[in-house]
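Heads up, the chain below is alone and in the form predicted on its own; it's given as structure tokens.
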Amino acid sequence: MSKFSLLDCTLRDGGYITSWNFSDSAIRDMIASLSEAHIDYIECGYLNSLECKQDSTIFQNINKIIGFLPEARNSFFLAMADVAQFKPEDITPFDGRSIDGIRVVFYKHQIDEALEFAGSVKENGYKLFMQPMVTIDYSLNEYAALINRIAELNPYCISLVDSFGYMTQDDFRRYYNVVDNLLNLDINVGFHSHENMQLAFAVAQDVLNYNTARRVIIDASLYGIGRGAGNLCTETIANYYNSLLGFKYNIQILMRLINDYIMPVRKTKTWGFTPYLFLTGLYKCHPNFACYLLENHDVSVSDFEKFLLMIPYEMRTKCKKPYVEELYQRFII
């Protein structure tokens, strides 16, 4: 068995494009077909204590996911939980009928809360995946301190997360070496990327060529569907894996899913590389500075670059709509 695996996050990350609206039949077909295509890990959606509706990949509780899973469990099934949106007391004990693991996503200011939440995931018997956002926002010393704290929980996986799409191959290796030196060898390391600077595939290729004894899990989504610049494409990295390491993933099934479920979305919704999102990566800014500003204003690429340069460095990874509008009003004066 290869030490490299793929995780498809279409139903979760793609939800930023569809408002998590997927028909129940589509959810079932996508999960079953991704498993049939031999995708190792399938992220079924988000857990959210306050949300509950039909035809959605936002699930109010873990048991809601049971009816969407195939009888043959040839893949690991996961859901993501944002520590600000799902309560630890809402985690029901693992019984083998629903998801196998929970991905705990958190920002730098939420570390204590995330570790407490992660403890509940472990106590209830799920595989624990830790997803600290914006990896590169941590200094190497800060990241080492975080990894040491997470290591105490003995998680199944810790991911390096290129939230803003500007991590290079060297960046990945620097942070990977921190993890590799501090964790037990049986803990997986993940890589989640975005295409702001079109680096995701290049870094993922480097990962698959990396000489490591540790198991590595690479995230991707069908046709790269995801917020802003989108994600690494499942079909692209699956095909590269097949050519490099031997046939494993069924590309024909992935193409059928793209045709049936992603191409119809593409007719009315957009995602992927733009010069605006490239600039957010170049200046290490949150991509929502582009998304929010362009919702209401027609701004040239040149002016957008000048706008980004006026953002205080300490605010570049923090982005709220009112702040973007306030900055823009100052910019045009």
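No experiment lies behind these values; they were computed from the predicted model shown. From 1 onward, residues are counted along the sequence shown.
Form predicted in complex with another copy of the chain: not shown, discussed below.
In the predicted bound form, another copy of the chain sits within 4.5 Å of a heavy atom of Cys233. Taking the partner from elsewhere, Tyr240 is found to have a heavy atom lying within 4.5 Å of another copy of the chain in the predicted bound form. In the predicted bound form, no heavy atom of Asn124 sits within 4.5 Å of another copy of the chain. Another copy of the chain is not drawn, but in the predicted bound form it has no heavy atom within 4.5 Å of Arg149. For the candidate spot formed by Phe77, Asp112 and Phe129, no residue has a non-hydrogen atom within 4.5 angstroms of another copy of the chain in the predicted bound form.
Of the listed positions (Val134, Met263, Ala84, Ala144), a single one reaches within 4.5 angstroms of another copy of the chain by any non-hydrogen atom in the predicted bound form, namely Met263. Site annotation in the predicted bound form: the residue of Thr212, Asn154, Gln198, Asn177 reaching within 4.5 Å of another copy of the chain with a heavy atom is Gln198. Heavy atoms within 4.5 Å of another copy of the chain in the predicted bound form are found in one stretch of 134 to 142, 244 to 252, 67 to 75, 97 to 105, which is 244 to 252.
Heavy atoms closer than or equal to 4.5 Å to another copy of the chain in the predicted bound form belong, across 267 to 281, to the residues Phe273, Thr274, Pro275, Tyr276, Phe278, Leu279, ordered by sequence position.
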